[in-house]
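As structure tokens, one chain now follows by itself in the form predicted alone.
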């Protein structure tokens, strides 16, 4: 069974108009974080960018900046996956796997060393329940997509049927995360490329 298709948001019921307003605030805040970083972004910056009154902002985010940044973290974690589509959802041949590999590399090259999600998690505190939930949901969904691709390749005889798809997906994802961490620290992309290349080549050995 697929994990849920989106990371849980606010529990307060909102009208379609309210949802659209809230999303506009989140997207505006995300743009500010990408430009300024989570620490430097203020609620006044977000209000100015989105044309939102103070009353509106606190209506949707009554706990203030931390609640808004957590919503932005959910938004950015969703972008990590959507930026890999449609390739991530169609790992049905070796050329498709290589297309996905190139998509991942291109995504992080375009992002550079300033990662908005990393900035947000540092500001929120990685050990807080909200931040942990965002990270856990992202990893769960990402690993599920990779494991689904491995299982498909097993079903057509391209990957050893005895291989544990979930563990193999976890190992490949851990390599990706390590490569991203090195890139953020050094600006060098080759570790991410190596993690993807070696991981995919390991799957191809039947």
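Residue numbers count along the first chain shown, from 1. Note that this is a predicted model, so its numbers are computed, not measured.
The following text describes the form predicted together with the DNA, which does not appear among the structures shown.
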With the distance limit set at 4.5 angstroms and only heavy atoms considered, check whether 83, 111 and 116 all reach the DNA in the predicted complex. no
Only hit among 49, 65, 151, 141 for heavy atom within 4.5 Å of the DNA in the predicted complex is 65
Name the single residue among 180, 169, 30, 43 that comes within 4.5 Å of the DNA in the predicted complex, judging by heavy atoms. 43
In terms of non-hydrogen atoms within 4.5 angstroms, which of the given stretches 57-65, 172-180, 158-166, 141-149 touches the DNA in the predicted complex? 57-65
Is residue 187 close enough to touch the DNA in the predicted complex, meaning at least one heavy atom pair within 4.5 Å? no
Can you list, in sequence order, the residues from 127-156 that come within 4.5 Å of the DNA in the predicted complex, counting heavy atoms only? none
